[in-house]
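Take a look at this one chain, the form predicted alone, written out in structure tokens.
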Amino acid sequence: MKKCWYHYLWIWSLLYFSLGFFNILFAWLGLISFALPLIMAIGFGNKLFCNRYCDRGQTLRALGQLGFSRRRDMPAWMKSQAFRYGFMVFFFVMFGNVLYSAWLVYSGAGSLQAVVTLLWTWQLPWQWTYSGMVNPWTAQFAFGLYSLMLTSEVIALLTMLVYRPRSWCVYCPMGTLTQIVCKAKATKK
């Protein structure tokens, strides 16, 4: 199979997590992963980003081709609309929590927590990645966004290992949101 340029977008994921490991402020680049799918869905009315240009999807595809997936079908409940919408709401509530934490630091009601929280449970010390050169709220947002992105990456990798390579794509919060946008655009026409 001929490789297209977008098959190498897995490099973006690797770069993102590597840069954030050394300097947390690079976590702000994660907003690209939030904005591009929505911009493309609103602009084109399709899920082209999800199907072709998603760095996480390309990472999962590449790892699946290397044999890291059991290639089993997902259970029906994970494909259900209720689960997908519920996970999307949960994910965006967690993103709201990231924004709220940054707001607390900005307003002086909270202090900077230089930790990355994995799977919304385990706090990993991550102090070496912040040099104090920016406002603390900027760093707090970066720590929160990196936590969210790393958590979703771990969930995606675990799902890939147990099920099909791109099983994460079935219930990805951004994919679910872009699907809602695409359906709304199609209904409008």
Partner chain sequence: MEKKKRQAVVQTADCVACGTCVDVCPRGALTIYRGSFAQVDAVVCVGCGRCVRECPASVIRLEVQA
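Positions refer to the first chain, counted from 1. No experiment lies behind these values; they were computed from the predicted model shown.
A second form of this protein, the form predicted together with the partner chain, is not displayed here; the remarks below concern that form.
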Looking at Asn135, Ser131, Gln123, Asn51, which is the one with a non-hydrogen atom within 4.5 Å of the partner chain in the predicted complex? Asn51
Which one of these stretches, 23-31, 159-167, 146-154, 123-131, sits within 4.5 Å of the partner chain in the predicted complex when only heavy atoms are counted? 159-167
Under a 4.5 Å heavy atom criterion, is Gln179 part of the interface with the partner chain in the predicted complex? yes
Is there any non-hydrogen atom of Tyr8 lying within 4.5 Å of the partner chain in the predicted complex? no
4.5 Å heavy atom contact, Leu104 and the partner chain in the predicted complex: no
Using a 4.5 Å heavy atom cut-off, state whether Met74 contacts the partner chain in the predicted complex. yes
Which of the residues spanning 103-140 lie within 4.5 Å of the partner chain in the predicted complex, based on heavy atoms? none
